[in-house]
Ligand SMILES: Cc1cc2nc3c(=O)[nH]c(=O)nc-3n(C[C@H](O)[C@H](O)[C@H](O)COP(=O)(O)OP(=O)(O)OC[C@H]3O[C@@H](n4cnc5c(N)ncnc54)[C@H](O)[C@@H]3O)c2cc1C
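Next up: just one chain, as structure tokens, the form predicted alone.
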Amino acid sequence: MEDSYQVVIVGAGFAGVAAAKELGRKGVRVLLIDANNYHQFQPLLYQVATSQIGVSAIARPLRSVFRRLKTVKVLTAKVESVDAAQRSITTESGQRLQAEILVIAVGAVPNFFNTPGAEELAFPLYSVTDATRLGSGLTRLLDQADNSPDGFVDVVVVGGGPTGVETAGAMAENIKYVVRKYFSPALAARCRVHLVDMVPSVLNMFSSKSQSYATEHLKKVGVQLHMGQGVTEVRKDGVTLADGSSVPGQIVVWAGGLKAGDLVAGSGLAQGRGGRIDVDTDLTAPGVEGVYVLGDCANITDSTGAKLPQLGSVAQQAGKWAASNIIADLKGGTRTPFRYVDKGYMAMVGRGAAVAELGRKRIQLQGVFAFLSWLLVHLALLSGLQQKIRALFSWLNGYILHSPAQVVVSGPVEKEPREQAPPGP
């Protein structure tokens, strides 16, 4: 069976949703397909994993997003393969979908860099499923530790970028405030969070001032830093570093990078760094007519030739820009090179603590002002009024009252927390 559409968009992340919205507003017939029936706000996944907010605050049903755009159809299905040359996709059920214009925005998958044990034992943090598994695993581990007078928890976070720093900081503050309040001060004293990366400092893309601030705050809340040493193996009881030393951990969180997935590899398009597609400046795939590649599965440059990072703001802006170029394609017009508006970087380090470097001039903020800016920006970017209200309530509840979102473990958790080993030095 084969169906034909003006535009088929594969992937409902920032780029795919932004493109579909713009096209739908112009009356273009769009099919948006994703394995999940919701759009997830990826920058806050770590807060789901650390019980700061609930899933309903960051996941919005796609049909709710597009309920007023009658020319956008949402299809919940897993895509089995992509044929870029034919501008077609095949779903897991065998349905083949043909497009005048195909948009590939399938995101990425964790890059474990062939590290032994990492894929099998570490918890990635790239989807709602990843976040809920990690949250359930941490809760179960704390419950087990609370049942023993000598119970303890060691968590290793691999990756000193924004995701790793935000996750480590949130976990350390949970220990400092939530574990102490809801379990016991004695258990909190036996819980530790470790942050590991091969680079010498956290937040490598930020200024040295922001790096220093983040480092000092992480240490202040109890995060143990192991910088300048890469992870060579993930074990059931922790990780091994390049110098042969070990860091103990019943749970290992992998925030060490991303790469393009199998769908991109099998699409017939030439792959570049990280397995991603090196797109032209107008966001089209080189050498293939009518195919756009967006988001974390694309290596994107702007109109000046500058390479752009894998950020939500890049994906969102690229989605809107691609929609304009697609409309030009459909009307016989001319595409224009992507011009990115650089809004800068932000990272939450903990309660009342964040770093922000805003705009191309990188106006620097640290501390409370950066923290408030981070809250306001992320609140504005959340999709849907209900999601904004839930997130705001959770933040007020968590940051003022230290009362976390409730995590209930109702079934088996993949990558179960390991049996406790004696705590290291």
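All residue numbers refer to positions in the sequence shown, first residue = 1. A quick note: this is a predicted structure, and the numbers were derived from the prediction, not measured.
In what follows, reference is made to the form predicted together with this ligand, a form of this protein that is not presented.
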Stretch in contact, per heavy atom within 4.5 angstroms of this ligand in the model of the complex, of 387 to 395, 363 to 371, 32 to 40, 49 to 57: 32 to 40
Residue among L294, V157, V349, M171 with a heavy atom within 4.5 Å of this ligand in the model of the complex: L294
Proximity to this ligand in the model of the complex, single hit among V202, A105, L102, V355 (heavy atom within 4.5 Å): A105
Distance check, A15 to this ligand in the model of the complex, heavy atom within 4.5 Å: yes
Heavy atom of T163 within 4.5 Å of this ligand in the model of the complex: yes
Partner contact for V79 in the model of the complex: this ligand, 4.5 angstroms, heavy atom: yes
Contact flag, G290 vs this ligand in the model of the complex, heavy atom cut 4.5 Å: no
Residues in 364 to 396 close to this ligand in the model of the complex, defined by a heavy atom within 4.5 Å, in order: H378
